[in-house]
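A single chain comes next, written as structure tokens; it is the form predicted alone.
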Amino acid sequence: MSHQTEESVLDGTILSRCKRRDSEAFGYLIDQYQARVFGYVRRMVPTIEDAEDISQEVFIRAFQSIERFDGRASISTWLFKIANNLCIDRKRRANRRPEETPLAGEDRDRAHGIPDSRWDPESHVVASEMGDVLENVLRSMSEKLRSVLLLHDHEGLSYEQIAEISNVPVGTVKSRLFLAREALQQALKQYGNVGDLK
């Protein structure tokens, strides 16, 4: 059985139980998807606090509206759509007040409780610089480009799923992905020996 088929069967079983307000099933849904949702949101907003708040709100919204979910999209697509909309709402609100400074590099990892296992000083510097470059390029992209890049290359969603999440045609998803990858390629050229992104 393929991964997609397994996910579809899982989604169907969990969905039917969640619609009956089965708290154990909804807890399982949260366990299955919260890391992916948080990982996506964290790259869309400037602070860990915002990412935690939005990720929590995603599942609150999902719980509140689970009975209206028709199952035409997968649960993961539906959750990413909720997350994407909340990130857009947060950005609109942030535009009305001074932007907070995002955590970078080690500070971000420390705040997240991620141990730094890199021991070689030279590797540490290169990895740190590369990570900073990637983070800066992502932050400098428009939300539209960043969202498509993360959903496709990081989360592995299809063009069709991203089109559903973003409410745009598949052709628009493809063009945004191309532009986002071009921006990354240009930023990484200075480090040399960078192959084509997938």
Partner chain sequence: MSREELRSKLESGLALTAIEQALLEAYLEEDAQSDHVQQVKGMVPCEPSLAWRAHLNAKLEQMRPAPKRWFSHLGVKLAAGGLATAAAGIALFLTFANGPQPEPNSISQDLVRWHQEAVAAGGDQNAKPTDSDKVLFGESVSSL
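All values derive from a computational prediction rather than experimental measurement. Residue numbers count along the first chain shown, from 1.
Just so it is clear, the following notes concern the form predicted in complex with the partner chain, a form of the same protein that is not shown.
Engineer: Sort through Gln56, Thr47, Ser158, Ser140 and report the residue having a heavy atom within 4.5 Å of the partner chain in the predicted complex.
Structural biologist: Looking at the other structure, the residue within range turns out to be Gln56.
Engineer: Could you confirm whether Gly27 comes within 4.5 Å of the partner chain in the predicted complex, counting heavy atoms only?
Structural biologist: Within the cut-off, so yes.
Engineer: Going by a heavy atom distance of 4.5 Å, is Phe63 a contact of the partner chain in the predicted complex?
Structural biologist: It does: once the partner chain is placed as it appears in the predicted complex, Phe63 has a heavy atom within 4.5 Å of it.
Engineer: Could you tell me if Leu150 has a non-hydrogen atom within 4.5 Å of the partner chain in the predicted complex?
Structural biologist: Close contact exists here: in the predicted complex, Leu150 approaches the partner chain to within 4.5 Å, heavy atoms only.
Engineer: Any chance Lys174 has a heavy atom within 4.5 Å of the partner chain in the predicted complex?
Structural biologist: Lys174: yes, in contact with the partner chain in the predicted complex.
Engineer: Is every one of Ile14, Asp89 and Lys91 within 4.5 Å of the partner chain in the predicted complex, counting heavy atoms?
Structural biologist: Judged in the predicted complex, none of Ile14, Asp89 and Lys91 sits within 4.5 Å of the partner chain.
Engineer: At a 4.5 angstroms cut-off on non-hydrogen atoms, which residues of 76-96 are near the partner chain in the predicted complex? List them in order.
Structural biologist: Residues within 4.5 Å: none.
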